[in-house]
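This document starts with one chain, in the form predicted alone, laid out as structure tokens.
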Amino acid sequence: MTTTSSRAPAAATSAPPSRRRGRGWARRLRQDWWIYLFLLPTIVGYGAYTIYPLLASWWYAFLDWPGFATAGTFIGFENFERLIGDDLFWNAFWNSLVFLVIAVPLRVGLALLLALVLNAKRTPFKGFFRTLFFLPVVTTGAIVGVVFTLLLDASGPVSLSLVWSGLIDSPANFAADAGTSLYAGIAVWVWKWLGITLIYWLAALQTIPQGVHEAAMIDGAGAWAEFRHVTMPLLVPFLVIITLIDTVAAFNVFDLMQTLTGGGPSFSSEVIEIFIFRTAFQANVPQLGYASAAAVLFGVLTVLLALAQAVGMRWARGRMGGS
């Protein structure tokens, strides 16, 4: 009897940890099942409006479906082959790439400069300026686009101010000119989201011990030397993370660009998101299958950026842990 009782606990404790964790989770699920009922609306909504459209778009990408019929015709990879030869798709892709290459460095760089100023001890009214720069972040992108169509109009304050200062000869509508519409969208996007990147940089600067700055001052380092040799090396991991976050955000500009320029004039500011929307809903004959193929390619690109973000963040954490 003694031998049998002494072996029973040993057999119980020798169960794999994963099995014990599984039994523990199952027991909690049976005991607290009612708690998960509160998650049911979120699960249903997320499945209906996110998971299902995502999976459906992959299926629609292989169909010739104008949207009027109840079902499309399976055509395999023809939509993707057509995209490869579509000049308007590559124009939208190029515009998105230009937007990314210009907007992200501007947003990251300007936010860093502002963060350095607002993080300095001698800067007055820090709280006021932080709130001021953050206010556009909480404003809807569509509203910002509508307002800036008025501000950037030929009779708007921006154009009139530039004429008055002598920087341009005559009034210009920057959002409706083929040569400036994309860059106007970039400027407005950077202005709108500058505040959130500013918060990121301020949080990063708070991680640098004050003693590091004091040691640099004792060694006789000036402001530029301290930033170059002390502050910036410590901020490199944060630079990687912030840049990747802003890069992913630079592909989500539909609401702003649609209300500001609508992709025009002559497709000069049409990014991939507007191309997908126009092809699916604004064409004389809707092409939902073709638009879905473009959305799939756009989604694959976004996933690749997300993977790069995950790798970059892991590298940054390792760098911060090693330092």
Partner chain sequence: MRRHQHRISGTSTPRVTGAGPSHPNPSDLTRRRLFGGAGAAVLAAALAGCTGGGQLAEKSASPGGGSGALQWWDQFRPLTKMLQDDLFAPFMKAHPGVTVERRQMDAPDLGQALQVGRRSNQMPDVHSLAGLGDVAAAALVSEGWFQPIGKLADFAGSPVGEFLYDGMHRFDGEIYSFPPFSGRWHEAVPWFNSAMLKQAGVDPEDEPATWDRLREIARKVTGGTDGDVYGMVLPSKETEYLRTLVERLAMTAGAPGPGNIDWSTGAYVYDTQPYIDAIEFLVALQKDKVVHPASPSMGPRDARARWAAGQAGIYLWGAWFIGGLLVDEPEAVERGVGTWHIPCPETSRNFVYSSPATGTFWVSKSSDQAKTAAEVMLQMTTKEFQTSLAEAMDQPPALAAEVIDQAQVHDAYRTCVTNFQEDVRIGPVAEVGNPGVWQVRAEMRDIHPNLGDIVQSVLTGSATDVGGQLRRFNDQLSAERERAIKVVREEKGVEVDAKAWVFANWERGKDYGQQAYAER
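Since the structure is predicted, the reported quantities are computational estimates derived from the model, not experimental observations. Here the rigid core means the biggest group of C-alpha atoms that line up within 1.5 Å when the two forms are laid on top of each other. Positions refer to the first chain, counted from 1.
Not on display, but discussed next: the form predicted in complex with its partner chain.
Thinking of 77, 240 and 312 as one candidate spot, does its partner chain come within 4.5 Å of a heavy atom in every one of them in the predicted bound form? No, none of the three is in contact.
Can you tell me which of 244-252, 124-132, 197-205, 77-85 lies within 4.5 Å of its partner chain in the predicted bound form, counting heavy atoms only? Heavy atoms within 4.5 Å of its partner chain in the predicted bound form occur in 77-85.
Exercise: residue 155 in contact with its partner chain in the predicted bound form, heavy atom 4.5 Å: Judged by the heavy-atom cut-off of 4.5 Å, residue 155 is in contact with its partner chain in the predicted bound form.
Do residue 57 and its partner chain share at least one heavy atom pair within 4.5 Å in the predicted bound form? Because no heavy atom of residue 57 falls inside 4.5 Å of its partner chain in the predicted bound form, the answer is no.
Although its partner chain is absent from this view, report whether residue 91 comes within 4.5 Å of it in the predicted bound form, heavy atoms only. Contact with its partner chain, no.
Mark residue 50 yes when one of its heavy atoms lies within 4.5 Å of a heavy atom of its partner chain in the predicted bound form, and no otherwise. Answer no; every heavy atom of residue 50 is more than 4.5 Å from its partner chain in the predicted bound form.
Which listed residue (184, 176, 118, 104) meets the criterion of a heavy atom within 4.5 Å of its partner chain in the predicted bound form? Flagged contact: 176.
Can you tell me which residues in 59-84 come within 4.5 angstroms of its partner chain in the predicted bound form, by heavy atoms? 65, 67, 68, 69, 70, 78, 82, in sequence order.
Using a superposition on the rigid core, decide whether the Cα position of residue 135 changes by 2 angstroms or more between the shown form and the other one. The answer is no; the displacement is under 2 Å.
With both forms fitted on the core, check whether the Cα of residue 113 differs by 2 Å or more between the shown form and the other one. Result for residue 113: no, shift under 2 Å.
Core-aligned, does residue 266 move its Cα 2 Å or more between the shown form and the other one? Result for residue 266: no, shift under 2 Å.
Answer with closer or farther for the CA-CA spacing of residue 143 and residue 42 in the predicted bound form compared to the shown form; it moves by 3 Å or more. Compared with the shown chain, residue 143-residue 42 is farther in the predicted bound form.
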